[in-house]
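Heads up, the chain below is alone and in the form predicted on its own; it's given as C-alpha cells.
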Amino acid sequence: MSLIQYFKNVYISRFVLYSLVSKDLKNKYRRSFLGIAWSILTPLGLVLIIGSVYSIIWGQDPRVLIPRLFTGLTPWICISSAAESGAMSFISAEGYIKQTLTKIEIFPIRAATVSLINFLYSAIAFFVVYIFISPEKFNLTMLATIPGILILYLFCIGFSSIASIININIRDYQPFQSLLLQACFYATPIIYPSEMLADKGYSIVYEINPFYYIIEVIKKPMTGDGLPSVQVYLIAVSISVLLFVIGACAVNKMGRNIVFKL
C-alpha cells in the first residue's frame, strides 16, 4: 500500500517537482558565461585528462579509450551526484517542507532528476562528437541506451531516497557516503576495462559490485560495441527496482513526521 501511496503523492506534487527541478537547473548556471555547457565540459575535461594519461600507460588508442571512459564516467557522475544531493535533499528543503504541505517524496526525486538531466546533456554532446570520431560504430544497438538510462534513473531515485532517509536520522552519513562512493569508484571498471580484473583472477571485484551492472547497461550501447548480456540486464533491473522500492517505501513511511527530524 505504501508504494501505491508513494506514486499518488508524487503525482499530486508533480507540478511542484517540475518547478523545483527547473529552478535548480537555472540556479546552478545563473550568471555563468558557459551555463549548461559546464555539464558537458566537466566530464569531458576529466575524461581527456585521464584518457590521455592512461592511453600512454596502457598503450591504447585514445579514440578507443576516451569514448569508453566518457560513457563510464558520466553515468557514475550521475549516480554520485544523485546520492550526494539526495542525502541533503530534505535538509536543504527544510523551509519548504515546514512551510508547505508538499509531499516529501518529490525531494529525493528532485535530486535524481537534476543529475539525470545533466547526464543527458553530456550524452547528447557525446553522440554529436562520436559520430565524427567513429561513424562506423553507429548502429541500432545504440538505441539500447534508452532502456539503460531508465534503469539508471530508477537506480538514482532509489539511491537518493535511501540516502535522504539515512542522513535525516544520522547526520554523519553524508560524509561517510562520500568516502564510500570514492572507494566504489576505484572498485568499478570505469577507468580500466573489466577484462583487466578478470585476467588477473579478480572478476569477483566487479561481479558483486552493483554499480558495475548499472553502468554497463549504458556504457556498451553508447559506444556501439554491442549489448550487455541478458544476465547483466536482469541484474541491473533487479538492483534498480529493489533499491527504488526500498527507498520509496522508506520515504513514504516517514511522511510528514520528517518535520520533527529537521
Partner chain sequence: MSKILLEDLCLDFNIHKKKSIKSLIIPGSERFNKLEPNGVIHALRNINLELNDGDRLAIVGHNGAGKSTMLKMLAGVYPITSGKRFVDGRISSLFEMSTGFEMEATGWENIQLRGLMLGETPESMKDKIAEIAEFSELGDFLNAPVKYYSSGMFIRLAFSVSTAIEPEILLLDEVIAAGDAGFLAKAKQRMKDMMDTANILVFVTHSMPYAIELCNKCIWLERGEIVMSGNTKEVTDEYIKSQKR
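Bear in mind that the values here come from a model prediction, so they are computed numbers and not experimental data. Positions refer to the first chain, counted from 1.
Absent from the display: the form predicted together with the partner chain. The rest refers to it.
Of the candidate stretches 102-110, 184-192, 146-154, 130-138, only 102-110 has residues with heavy atoms within 4.5 Å of the partner chain in the model of the complex. Residue-level contacts in the model of the complex: of V114, I77, I166, I97, one residue has a heavy atom within 4.5 Å of the partner chain, and it is I97. Interface residue among C249, V10, L20, I239, judged by heavy atoms within 4.5 Å of the partner chain in the model of the complex: L20. The partner chain is not drawn, but in the model of the complex it has a heavy atom within 4.5 Å of V259. The shortest heavy atom separation between Q231 and the partner chain in the model of the complex exceeds 4.5 Å. The partner chain is not drawn, but in the model of the complex it has a heavy atom within 4.5 Å of V16.
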